[in-house]
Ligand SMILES: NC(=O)c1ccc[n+]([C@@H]2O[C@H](COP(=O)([O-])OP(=O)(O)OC[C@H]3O[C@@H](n4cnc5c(N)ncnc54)[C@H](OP(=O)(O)O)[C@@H]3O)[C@@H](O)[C@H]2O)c1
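So this first bit is one chain, no partners, the form predicted on its own, shown in structure tokens.
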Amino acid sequence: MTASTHTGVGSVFLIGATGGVGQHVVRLLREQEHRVSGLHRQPSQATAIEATGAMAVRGDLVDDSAQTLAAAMAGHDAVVFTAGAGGNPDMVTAIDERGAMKAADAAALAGVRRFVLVSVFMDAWRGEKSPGPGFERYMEAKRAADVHLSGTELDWLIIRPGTLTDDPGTGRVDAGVAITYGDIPRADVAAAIAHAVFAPQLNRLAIEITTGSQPIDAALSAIRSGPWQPGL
């Protein structure tokens, strides 16, 4: 069962609801009639979240404990983490690394088994293209969060988009466990998340995704996880 064919109403706790990807995710999940709770720190952010039909939940990813976040997550079917430091090098460790780790731990405490984490394509800005040491720290932080999540007992999915753009979504991507690096609009990353969050075959996987040639649902539906069986 995938998000596009999910007949029941799911509930998603979204961390990063007011970000570039997160805003698109909220809109798409609400269009699918899923319930969405968006974590926010600033009171002004609550209005933007509630305008989409989602529930605004006051909290602080950096300062709140895992137990406090778990209390907010309790009763949801899935946690989606799209938050990021937004280019602020002083917050990379607190949000992209420790924040993501804390959120995964909170989900486990809350009994929310499904966790979707937006990470980064490991080929991003390599070599001479690198913006500098600050970006290297960002890559290290993302990698540490991926490693932490993959070591949990959660039903996790890591999505690693190529370089994000604000171009209109095309609805067509390339996706797989290892693909050629490229760009992708934030809108298409969000559409992939909305499709994948309730897709049980996309479990305990790290998926790379860029703009490509396949419709999003077809590209993701072609990816399967599960135990290897000899002779098949």
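Predicted, not measured: the structure shown is a model, and the values here were computed from it. Numbering starts at 1 and follows the sequence shown.
Quick note: we don't show the form predicted together with the named molecule, though the next part is all about it.
Mapping the unseen interface onto this chain, residue 164 counts among the residues with a heavy atom inside 4.5 Å of the named molecule in the predicted bound form.
The named molecule is not shown here, and in the predicted bound form it never comes within 4.5 Å of any heavy atom of residue 114. Not displayed here, the named molecule is kept clear of residue 206 by more than 4.5 Å at the level of heavy atoms in the predicted bound form. Of the heavy atoms in residue 174, none are within 4.5 Å of the named molecule in the predicted bound form. If you check the named molecule in the predicted bound form, you find no heavy atom from any of 34, 53 and 194 within 4.5 Å.
The stretch from 106-114, 72-80, 92-100, 143-151 that comes within 4.5 Å of the named molecule in the predicted bound form, counting heavy atoms only, is 92-100. Taking a 4.5 Å heavy atom cutoff to the named molecule in the predicted bound form, the one contacting residue in 179-201 is 186.
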